[in-house]
Every structure is written in C-alpha cells, then in structure tokens.
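What follows is one chain in structure tokens, specifically the form predicted on its own.
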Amino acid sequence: MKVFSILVLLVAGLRPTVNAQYINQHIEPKVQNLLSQMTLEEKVGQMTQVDFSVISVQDGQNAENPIDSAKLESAIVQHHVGSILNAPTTPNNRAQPIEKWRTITQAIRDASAQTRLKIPVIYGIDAIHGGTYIQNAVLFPQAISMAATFNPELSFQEGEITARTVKASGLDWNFSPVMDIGRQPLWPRLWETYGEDVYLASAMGKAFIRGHQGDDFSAADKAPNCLKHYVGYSYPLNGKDRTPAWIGERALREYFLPGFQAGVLAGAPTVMVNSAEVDGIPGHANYHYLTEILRGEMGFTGFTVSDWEDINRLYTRDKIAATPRDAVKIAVMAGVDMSMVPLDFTFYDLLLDLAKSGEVPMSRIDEAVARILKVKLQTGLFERDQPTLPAEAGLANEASNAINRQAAEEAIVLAKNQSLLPLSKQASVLVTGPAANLLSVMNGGWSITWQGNIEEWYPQDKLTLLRAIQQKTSGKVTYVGGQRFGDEINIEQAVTEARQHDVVVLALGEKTYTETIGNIDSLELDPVQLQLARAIFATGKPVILVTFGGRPRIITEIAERAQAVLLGFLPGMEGGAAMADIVFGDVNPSGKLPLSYPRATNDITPYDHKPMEAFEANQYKPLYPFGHGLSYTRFETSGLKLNKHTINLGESVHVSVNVKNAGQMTGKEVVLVYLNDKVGSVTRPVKQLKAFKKIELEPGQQQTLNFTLTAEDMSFIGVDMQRIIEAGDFKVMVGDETAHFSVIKP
C-alpha cells in the first residue's frame, strides 16, 4: 500500500511564458493607453462579435462585392464591433475565391481605420482542416485522421500551411483546434477531436498550434489560434450535440482539462466556450471553469469568446436567465469576454445598459476589453493595413499538396488483412457502396460549406476512391453505386458484377455532417448498407471493406467476413488517391487508431479504462483497440530497458527499446509507450499512453529509441483534487515487452 505522495504543480503551478517580458514591456502600456481613451460604447463594442451577414448585401454569397457599406458603417462606426466572423452567407457559407476574401477584409480594415481610435476588427474563421472557406486551398485530413498519423510533425506542417492560407486571405484568427478529447463516439463532432487519449490529443494539438502561431503570431504567415470548446462539450451523456455532460471534478481534471492546459502553454491566446453544459451549469455561465480554473489555475491571459448565440441561449434554452439582459450579465460576470451574438447588436445594447446601471462593473468591462486589445496588438493588427502575403501564398501548391498526400497516407488504418493486400494492379475490381465515388465523404463538415455536403462544389481534379482505383489498375474496374450518399444502389446489379470480378472494394460509411445536424440514435450502419454487404458476401468473392466517416460506425458483422478492412475516417482531399496507393501497395499503411473501435453500439469502453472494466464480464473487447494498425511489413520490439528500477518521488525514468523491421518492405511504425500505476489511492487506468514516436525502417534495419517518463507522467488527480505522485510500483509497456520500476520517498 502506498503511504507517501508529493504534490506536483502541473495544472495549478504552470504558467504560460510565451513572450511574457515583451508583452509586459511593450503591449500592456499600449493597452492601458487605449483603454484610457475609450468611451464606454467603444469598450462594449470591442466585446461584440457579429456574423458577416450583419454587414452583407442581400445574397452576399454570390455578389462580387458582398459588403453593404451602410451596414458596415453601422457595425464599425456606430457599434464599434471588435470582431466579425464567418463566410458570406445566404444560402450557404460557401468557400470564396481568395481575391474576394482580400476585398472583403480590406474593406473592413479601411472602415476601422476611419474610426476615432482606429482599433482594428479581428476577423475569425473556422479553418479547421486547412482553408475551409477559401477556394483552391489545401484541405487536410480532419483532426481524428490527423491523430491517426501519430505524427506531430505533420500536424505542425498543417498548422503552418493553414496559417499561411488564413493570412494570405486577409483573415486574422482561426477557430481551431478542438482540444476537448473524443470519448463519446456518438457525438457528431467527434471527428473534430484528436481522439480518446489525453496525451495524443495534447501532442497533436500543441504541434498544430506551434506550426500555426510560430514564435510570433504577428508574423506575415502566422495567425492566432482559438482553443475549442472549453470544456467538456465533447462528452454528452446521450451522445447528441449540445446536450448535457455529467463530468465529475476529478474526471474533468484528469481527462478534459489537460488538452486545454497544453494549448494554453503552447501560446494559444483565445478560447471558445462550451456550447452545452456540464453538471447542470452551462459553459457560458460557469464562473468556476472560466475564471477560477482557466485563469486562476491555468494562467490563461488571453480572451474568451462565446460560441454561436450561446449567451442568449442562457435565456431561450437553458432557462437560467429570466431575460436576455440577465443572460448577458451572467455570461460576462462568469468570464466571457466577447460575445458571438451573432446576427444583431442586442448584446451591445444590453451590455451597455448593464454597464451604465452598474450591474456589470466597469472593472469587468475594462478587464475584458484589455484582454481583447492585447491579442489584437500581439496579432499585429494595428500595424497591418493590408495582407503582407500575396494571394497565391494561400493556395494549394505542389509542396503543400505533397504534405497533404503524406498526411492522408499516414492517416489510413489497415485494420485487417488476410493476405489479400496489397492487391495486384492486374486484378479486375468491382467498386460499390455509397462512399465509393464522393469527395465529400472523405472531407466531412466544414469543407467548402458548413455541412460539407454539396458535392458539386468540390474540386473535380481531386480523386474519389473509384477514380483513384481506375487510375491505378490496368485490370477491369466496374462501379455500381449512386451519385449521392443515400441514393438507392442496385444490389442485384452489384451482385451480378461481383461474380465477374476478382475482388470487390466495398466502400461504406456515412454522409457528411457537423453539430446537431449530425445527431444519430445509433452507431449502426444504415440497413441498406448492410443489405448490400450481405449480398456481396453471398457471392463468395473476396471483399476489401473501406470505410469513410467521422465516427466509428458499427461494422463488426461486415469486418469479420471481409478479407481486408481499411478505416479511412476523414482523410481529406487526397484521401481517395492515398487509399488507392495503399490498396495496390504503392504505400505501406502506417495509421494507428486514435480511439477504441467499438464492437457494438452500446459497448463503449476507452483503452485507458479502469480495472473493473477489465474484470470478469466487463472486459475491454473492442473490434479494434486504440493504437491498432497493421502494416505490409512486420516490426519487432526487443530489449526494453530502464535506466533505474528505483527512483525518488519527483524523479524521471529513462526508457530505451529496440525496434526492428523484420519484414520485406520499408515501412513506418509507431512505437507506443504505456505506463500503469499498479496501486493508487484513486483507481488507476490499466494503462495510459505517455510517449510515442513514429519511425521509418528499411527491411532488416533496427533502431534504438529513447524516451523519458517524467514526474508528470506518473501523476494523477488525488482524493483532494490535487495532482499528486504516490510512492509505489509502476509498469512500463512497449509492444509485447514490459519493465518495472518503483517510486520511493527519499
């Protein structure tokens, strides 16, 4: 039994240090100088963020110049708005040419320059997997697929390219990444997360932020990030978007806060608030989360922004405010600095009244405005009267497409292979299924449009799975399927064609969606997809199952009968080409699952489960476990060693292990280092990922990898809600090997 512990200041003690001295010496004096000159109306305006439709002409989506000059003057000169967001609306938020974006944002900068204090607007956009709303920009794999690469360098490069696209478009601020972790597979925004593991999500998110922001996000090709959605939004009890989560304080601190802490320490200067509620308290009313934890404990010094209309929803939906006015007061006093109103100036009017009456003190107004001004100054908006980068810097090019292609290749997971893959390029192939000939199913929501579901707006030079297979093989390729997801497929025809081919590529999955539109009642596939699959299997032909979609839909029956299974999730614009490369062996698959793939719709257990979830009948038995992913070669681990087998509280352990490519093909392998705290005063998971590295080895090549397990890696949230390390025994697991060490009181 453990009797000793040591408090470790991991959440409560760490503070962001990015440019702290520069901010204190150069930024803060400018902030205070501006504040001293501002009227109350100008201050309240800075806290107001409106949608582009507020300044748009009718049908601004299609207008060459979509800005209504009178509306723009009302927003910036009369209401002093601090921020604008979104793509031109009506009827869809559609991607725009980069030159049109530059025209839009230039008009807004010019209008701001005519105001009394010339405080610039900060323009926010959801560039969540590249240039979402910018035509001819790179669209990377979505976050869940980037996590499957287990390659932070690719996430870093994605950040670099995305920031360059944002800035070349004249935009300022990216509402990305999502740092809540994805442990509820029904949730329709699961694919916006980096999966179920705390360490992996933190590592991938940090890398993206560092690539996106660099050391100075005022640089011409860098831009500030916004962490989403603080906090616990990703874990609704019923799996549906914007519904309650029930998360105890310990689970919150153990699983959900660390990603945001990582983002804050990486320098992200803004945070978007949870649209739902946790334990009965809406995110926009949660003083404990927004002020006591985010600022008091994590040391966050930037500004918080509401999500879409969520302050008013404290009145209309959540019923914790008796009036819209009360809703504004509750949210601002809880710690929300900027309101995504978004369609009018009601927040401005109500907060102005609250400030004049003294119900929201001027000290709170000044606090929020100072935070907003500081970020604007850090972003270099006061010095920038036009984009520094040329327009072409934001568009896809050969180099960025190559990085995107690599990301897609490394994101795809080979889950099963009964000696069928790689496939001969002379094989005759039937391609069928609703996901076979669409780009949208590989990109998901926030792609070209909000829902990502308008196929004809996707670039036609990119390859669907069908078109990629057709280009790869000299054998006969036949397609049986619909033009859109959900179209009826002629099963009888598919069966007839299957009998005339060597192999069937069966492409299943789900249509695109995001947010509440993606709510479902079950992870089961549509019945028609099961009917198609069963009919194909009845032919006796070998089947390669390929899946695309943002959630792990239940495929157990099909996967058990298929000879090969490839899990695509949302691999982006290069997904079709990457999948074909893997099918035919031009690329050796290296993706690993960033979540546990459930065997049944009600059997949801993460890999880092507690001992009772692995005891007797409650066994961890997913279809495919976290970290699973096959290769066309074979890797072996050996020689796991620790530099010490006994350490003092607070010390580190150094780990080394040999990895060998024992197969016949060059390949990439992800080496995962797990840790188990054998006995704890709070029940400990059976294992937790604490380090990983992706390497490439030629046949016969061996490499020794070194890792360090720190005091932080050995810590957990104790009985008193403090992060502690306890003396006792630990187990290290790498591949099939284990090693042990003990922590003692010095």
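When you see a residue number, it is the position in the sequence shown, counting from 1. This one's a predicted model, so the numbers in the text were calculated from it and none came from an experiment.
We do not show the form predicted in complex with ligand GLC, though everything after this point is about it.
Is it true that Tyr255, Asp608 and Asp713 each have at least one non-hydrogen atom within 4.5 Å of ligand GLC in the predicted bound form?
Checking in the predicted bound form: none of Tyr255, Asp608 and Asp713 is within 4.5 Å of ligand GLC.
Phe156: touches ligand GLC in the predicted bound form, heavy atom cutoff 4.5 angstroms:
Contact check for Phe156: no, nothing within 4.5 Å of ligand GLC in the predicted bound form.
Counting only non-hydrogen atoms and a 4.5 angstroms cut-off, does Phe175 reach ligand GLC in the predicted bound form?
Yes, contact at 4.5 Å.
Although the partner isn't part of this model, could you tell me whether Glu669 comes within 4.5 Å of ligand GLC in the predicted bound form, counting any heavy atom of the residue?
Outside the cut-off, so no.
Is Ser202 close enough to ligand GLC in the predicted bound form to count, meaning some heavy atom within 4.5 Å?
Contact check for Ser202: no, nothing within 4.5 Å of ligand GLC in the predicted bound form.
Considering ligand GLC in the predicted bound form, find the one stretch among 423-431, 79-87, 262-270, 320-328 with heavy atoms no farther than 4.5 Å from it.
Comparing against ligand GLC in the predicted bound form, the contact stretch is 79-87.
What is the one choice in Glu277, Asp307, Asp581, Glu497 with a heavy atom within 4.5 Å of ligand GLC in the predicted bound form?
None of the other options qualify; the answer is Asp307.
Which of Arg364, His288, Arg109, Arg242 has a heavy atom within 4.5 Å of ligand GLC in the predicted bound form?
Looking at the other structure, the residue within range turns out to be Arg242.
Residues of stretch 319-346 in contact with ligand GLC in the predicted bound form (4.5 Å, non-hydrogen atom):
Only a single residue, Met340, comes within 4.5 Å of the partner.
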